[in-house]
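What follows is one chain in structure tokens, specifically the form predicted on its own.
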């Protein structure tokens, strides 16, 4: 449309450039995933294969978009943190959202058979996404802590709910039994049903963290048979606590202001 009389239509485009020098957090959520998980018979309350598929999509995001520094995922959602200085697509929100969510969805479809070799896709998975700018490292950490707290609350409730169903309760009875209960009450219910909540896999209780970390690899052996090592950045998936300070002290470079 260059130098044509029709070029004026570009003036109707909305300026959606995100605030500079802020952490960009992109949150991707499954769309209608309750129906999707029911149709594909995901295990309740957690399907480990489905969670690992989401993690694989997050790992692919890190390989594709170098400005990502950290991500946290639980259930059918994933939050991705872009470094403060990123100029990814000139920080245009619509571009960032459209490119990343389409890539994430494509990887989900392509890798489906890697995790569900016995199941065909019966419907099309889809995700929505949004971007939010956070001005400080503390607020980014608080956001991630909020998501992990939410993971714990939802997982504990859902674990109780489905264990009560397994014990013979109807869904209505299970909901009534859990109404008004606190963390300690739910732990007691699970204990009575033969479950120690703290023994459940960390991927269920804590969600998943994907980030790049330096690792040493042996590239060859010298004439004396001694290993020659090389450091490189590797995409890591872990299921750790990100509410306290320990993780962030060990990985101080992740949210380092540049």
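All figures in this text were calculated on a predicted structure; none of them were measured in a lab. Numbering follows the first chain given and starts at 1.
If you look for the form predicted together with another copy of the chain, you will not find it shown, but the lines that follow are about it.
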Q) Pick from 142, 173, 114, 188: which residue has any heavy atom within 4.5 angstroms of another copy of the chain in the model of the complex? A) 142
Q) Looking at the partner-bound form in the model of the complex, is residue 245 within 4.5 Å of another copy of the chain by any heavy atom? A) no
Q. Would residue 229 sit within 4.5 Å of another copy of the chain in the model of the complex, counting heavy atoms only?
A. no
Q. How about residue 169: is it within 4.5 Å of another copy of the chain in the model of the complex, going by heavy atoms?
A. no
**Q.** is_contact(residue 178, another copy of the chain) in the model of the complex, heavy atom dist at most 4.5 Å
**A.** no
Q | Among 41-49, 221-229, 57-65, 196-204, the region lying within 4.5 Å of another copy of the chain in the model of the complex by heavy atom distance | A | 57-65
Q. Relative to another copy of the chain in the model of the complex, which residues of 115-134 have a heavy atom no more than 4.5 Å away?
A. 121, 123, 124, 125, 126, 127, 128, 129, 130, 132, 133, 134
